[in-house]
Ligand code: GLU
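This document starts with one chain, in the form predicted alone, laid out as structure tokens.
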Amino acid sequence: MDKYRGRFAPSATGPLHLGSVFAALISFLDARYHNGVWLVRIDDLDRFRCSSEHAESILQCLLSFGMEPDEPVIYQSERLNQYAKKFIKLKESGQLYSCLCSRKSLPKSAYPGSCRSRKGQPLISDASVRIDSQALNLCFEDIYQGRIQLEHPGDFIIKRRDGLFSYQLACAIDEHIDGITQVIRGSDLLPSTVMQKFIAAELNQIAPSYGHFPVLTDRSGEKFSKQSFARATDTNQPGLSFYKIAELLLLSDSPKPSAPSTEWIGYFLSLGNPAGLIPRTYSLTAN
């Protein structure tokens, strides 16, 4: 295997909460356990929701928690030209088509291919662009969860109606540019994995290996997220968040909540392969 290269890729739409600190920690520990490189890539493609202030707060939070990237921070907003070149390559393959379906007109399940008949026709400037993904492989071996079989998402969007490149397209290209060999992230992104692997194959790229750990949910079962207004972590007391994570993973002999981040990181590293700490489930309930 090539030298391990992992990454944490938060979106710059708000401060880190407990769930995102957990995500950063597991990806960081996995990279350190394998003597690899750990990168931070800021997902700031959505100019309507992202801000430089949020990006800065995320980076400061990671530093306060003792997780510093091994290379300069990457910003997706600086790669628009690279995404555009790859988009043109996909367009030339004849697999793209314009989609004029409104969100209200579509079922909540997989996209039914309503506009697939437009494949091969010139793309419409103010329409979404989808890729014919009927040949998408729905199975893969997950580092943390084992054999995964997913439902087909239908032909998915790779360029939005507002002209922004989709998360699926940008992320698949980023992994290639950054030489990422392992993607360790939350189970909420499992559906994205098969889509990104499909794009990588269409672009003749080697996709990384993937490992998905449980996302943190509240007692109602709702995922900790910025959309659900999850409380930002206290960067002045990182031990509190680390202590909660240790409790969720049923770990013993952990440092006290008041312990500094360096002591906590050392503790987590002493536990060995993080894959052995993670239960094979898609969610963990936090208080």
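Please read all numbers here as calculations on a predicted model, not as lab measurements. All residue numbers are counted from 1 along the displayed sequence.
From this point on, the text means the form predicted together with glutamic acid, which you will not see here.
For the residues 115, 189, 200, 157, the 4.5 Å heavy atom test against glutamic acid in the model of the complex is passed only by 189. Comment: glutamic acid is not present in this chain, but in the model of the complex one of 278, 18, 25, 9 has a heavy atom within 4.5 Å of it, namely 9. Contact annotation for residue 54: none of its heavy atoms lies within 4.5 Å of glutamic acid in the model of the complex. Interface membership of residue 43, defined by any non-hydrogen atom within 4.5 Å of glutamic acid in the model of the complex, is confirmed. A residue is said to contact a partner when one of its heavy atoms sits within 4.5 Å of a partner heavy atom; residue 86 fails this definition for glutamic acid in the model of the complex, lying far away.
Using a 4.5 angstroms threshold between heavy atoms, residue 136 stays clear of glutamic acid in the model of the complex.
Partner proximity in the model of the complex, defined as non-hydrogen atoms within 4.5 angstroms of glutamic acid, places exactly one of 163 to 171, 137 to 145, 116 to 124, 93 to 101 at the interface: 163 to 171.
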